[in-house]
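Before any questions on binding or motion, here is one chain by itself as structure tokens, the form predicted on its own.
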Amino acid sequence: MKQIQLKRWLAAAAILILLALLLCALNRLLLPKYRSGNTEGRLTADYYTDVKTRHQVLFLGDCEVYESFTPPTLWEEYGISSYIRGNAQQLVWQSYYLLEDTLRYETPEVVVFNVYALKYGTPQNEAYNRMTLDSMKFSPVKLSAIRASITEEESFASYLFPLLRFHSRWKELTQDDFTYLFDSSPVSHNGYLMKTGVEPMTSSRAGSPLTDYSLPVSSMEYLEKMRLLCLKNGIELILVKSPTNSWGYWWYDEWDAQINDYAAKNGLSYYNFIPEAEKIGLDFTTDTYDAGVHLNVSGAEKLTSYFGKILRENHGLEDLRFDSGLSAVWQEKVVRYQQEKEGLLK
């Protein structure tokens, strides 16, 4: 009798395990792969392929980091190992929770946060939320990131079980969904998403006046949480503003003054690269791929070279090219970076 009961329990357990595996496989199949066309949704997932590499610097922010700084350049010129954890319209609380997530794997010496996203004080858009959150590894940190990010129209459960959101996507499946079902190879270069096109900036139009220039209280609260988390873990927090400043994505002097005040009050370094564009060597007729909104690879390399000198001279980051193991890892990364750049520029 006991043997019969045991067999029934084992059979039931086997069925449950098979169902769980099937659900996991369906989740993985139906989630967008972001491999062709829009690759931005792969950026969060890319980090987990590189967690065994030592990163002295962690960049956090939106497209103003993952299209403005090139980690292979930082390594080649200064021997500084870095990673960018940025996504399209990555909101400040998402950057905060990605920092928490990173600390599960490593503790960088420096965190560089791009301040543009501080303009947003509330959740914005499901599509951007999905690109940032869906690929986060499951943990209490991810749960907190979801709670902070979802809009009123979204459901918390759909982030825990993406099948609830993408169940009808089976009609749209492409070859990519099967080819990359279990492929975790990165689309970025330590978080940098390469753009080689050229579209000059042709307008010098400034942003429209605002009725209120106060940065949202909620976003500044998360910036403070980020500062305290860095302080607790012995990490230096550096604030930056990328040098791009087109009228549709304007960085107001009033916002800049608030960040300067916050940095001064808390003993942080803040680098606004907008007025430094000429010193950096940027030419907005050749160094942008979308009329001045973002930098292309030429502009990003110039900015990275300029900032790398600041990191070395002002923040004392060590040159790690003497580390043979790390150098071997980075040599492969640099070769891949150069090959992609040469291929895209042909």
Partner chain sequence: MKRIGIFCLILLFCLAFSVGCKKETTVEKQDYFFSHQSVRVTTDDAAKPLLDALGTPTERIVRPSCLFGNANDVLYVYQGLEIETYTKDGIEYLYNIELVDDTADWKTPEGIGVGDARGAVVKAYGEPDSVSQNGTAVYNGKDMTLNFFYTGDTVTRIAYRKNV
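Numbering follows the first chain given and starts at 1. Being a predicted model, the structure only gives us computed values, none of them experimental.
Missing here is the form predicted together with the partner chain; even so, the following discussion is about that form.
Remark: Phe59 does not count among the residues lining the partner chain in the predicted bound form, judged by a heavy atom distance of 4.5 Å or less. Contact annotation: Phe69 falls outside 4.5 Å of the partner chain in the predicted bound form, judged by heavy atom distances. Though the partner is left out of this view, Ala148 does not reach within 4.5 Å of the partner chain in the predicted bound form, counting heavy atoms only. Taking the partner from the other structure, the partner chain in the predicted bound form has a heavy atom within 4.5 Å of a heavy atom of Cys63. This chain appears without its partner; in the predicted bound form, the one residue of Ile310, Leu320, Val293, Ile280 with a heavy atom within 4.5 Å of the partner chain is Val293. Site annotation in the predicted bound form: the residue of Leu231, Ala257, Ile274, Leu210 reaching within 4.5 Å of the partner chain with a heavy atom is Leu210. Just one listed stretch, out of 219 to 227, 105 to 113, 260 to 268, 200 to 208, contacts the partner chain in the predicted bound form at the 4.5 Å heavy atom level, and that stretch is 200 to 208. Within 4.5 angstroms of the partner chain in the predicted bound form, the stretch 125 to 148 places a non-hydrogen atom from each of Tyr128, Met131, taken in sequence order.
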